[in-house]
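So this first bit is one chain, no partners, the form predicted on its own, shown in structure tokens.
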Amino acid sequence: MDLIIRGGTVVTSTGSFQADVAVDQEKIVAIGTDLKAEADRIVDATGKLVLPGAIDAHTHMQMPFGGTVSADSYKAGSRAAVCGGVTTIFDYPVQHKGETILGLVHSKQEICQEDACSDYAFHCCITDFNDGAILDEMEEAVAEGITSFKCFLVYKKEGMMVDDGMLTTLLERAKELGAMVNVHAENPDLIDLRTEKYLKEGKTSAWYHYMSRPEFVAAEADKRVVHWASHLDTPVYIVHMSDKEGLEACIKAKEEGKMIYVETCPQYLEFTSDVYKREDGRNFVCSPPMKGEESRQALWTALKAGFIDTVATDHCPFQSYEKDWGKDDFSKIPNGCAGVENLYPYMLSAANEGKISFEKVVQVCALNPAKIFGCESKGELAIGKDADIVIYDPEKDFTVHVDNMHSDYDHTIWEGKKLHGYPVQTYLRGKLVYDNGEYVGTPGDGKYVKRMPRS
């Protein structure tokens, strides 16, 4: 036996119980009380929680955007991930005109084979059909375990947007292949119109980033996505849900039995649009922006009720000097914030405070993303699953500072956030990769996760 974790409280999506967890050859091989087997390493988890590693289903590592590249490389971002208890990341490489899905993804895999500190998978963003070749190539991609594709309903000027015809074509093609389409839903024409208006009026601060794309601008697009998916009878995954009205449309469709999956992010659960009034408001600029308190509360209510399927981060940090490009023009601020190292600690701290249950955190941060995206060996502590394990000390107090994070960015929107409870160890397929504040793994530890199509 390689490893036994003794005496902790094992947390699953349905309950918690005291048990030992045994690991051999990267897999969980036994869970039970007082396991008698010998092991190369025995860890005492008395008084601590033993959890499955989290899956961050939404990251953008070393992504070209806004005239620069996001601050975290695959090495830095995945290193930060495991230090926060995230053992698998899903990244979003963006296809541009002339590029193929597999050519793009293979280029990212080559980097990750050398650099990844966590396990990794990809959703490929499709922006151009390349005269129909992409629709054929999607079948090859699914065979290689790439079973999800993303559409932007925004970034029209940047050449990344798909129109309704492309969206519906992709929804139907994905359904044929047992794949999923993920959608960034905001109305691009309204955003462009309002942005131009505010800039002409000399309204250039970060507050007008929010005002250019408020709740109803996202809600219209959310409803449109729900409309198409419902009438085409296709599954769809709406990323980074932030607004109450769009969320309500998703809930209604879910209650009618439609295959609508909803993701939100910690920043929408924690912050409101008031952050854009701050002196450092530009550091919080992401798309969609944080919304009003009514939307924030609606997200928490839906999360508790089971209408939000996953919590992920949209991790896409930029350096502060890059954010400063938009000091006098909000439209020039690179869109994105840090989060991958904060996801699990934030959600588990919320459970520790009684906002939700620990079991709910396991559902939305581990089990659900594994199930939705076909990660058969991930997402739960169960015999035969990968030994992706987090040991969490519910009594450990932790305050987030940029200096105790493990990324390459120079600031974080989570600066000063106090958390009660914090991960103390992370195991990636049975290997200790994070230990009490220190990354102790090796870049290249991460493996590609080949996913199964939907049946």
Ligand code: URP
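A residue's number is simply how far along the shown sequence it sits, counting from 1. These numbers come from a predicted model, not from an experiment.
Omitted from view is the form predicted in complex with the named molecule, to which the following refers.
Residue contact with the named molecule in the predicted bound form: residue 358 places no heavy atom within 4.5 Å of it. Taking the partner from elsewhere, residue 60 is found to have a heavy atom lying within 4.5 Å of the named molecule in the predicted bound form. Using a 4.5 angstroms threshold between heavy atoms, residue 155 counts as touching the named molecule in the predicted bound form. Among residues of the shown chain, residue 314 is one whose heavy atoms approach the named molecule to within 4.5 Å in the predicted bound form. Only one of 200-208, 340-348, 165-173, 145-153 lies within 4.5 Å of the named molecule in the predicted bound form by heavy atoms, and it is 145-153. For the candidate set 191, 238, 286, 124, a heavy atom within 4.5 Å of the named molecule in the predicted bound form is found for exactly one residue, namely 286. Of the candidates 100, 234, 195, 335, 335 is the one whose heavy atoms come within 4.5 Å of the named molecule in the predicted bound form; the others do not. Residue 184 is the only member of 160-195 with a non-hydrogen atom no more than 4.5 angstroms from the named molecule in the predicted bound form.
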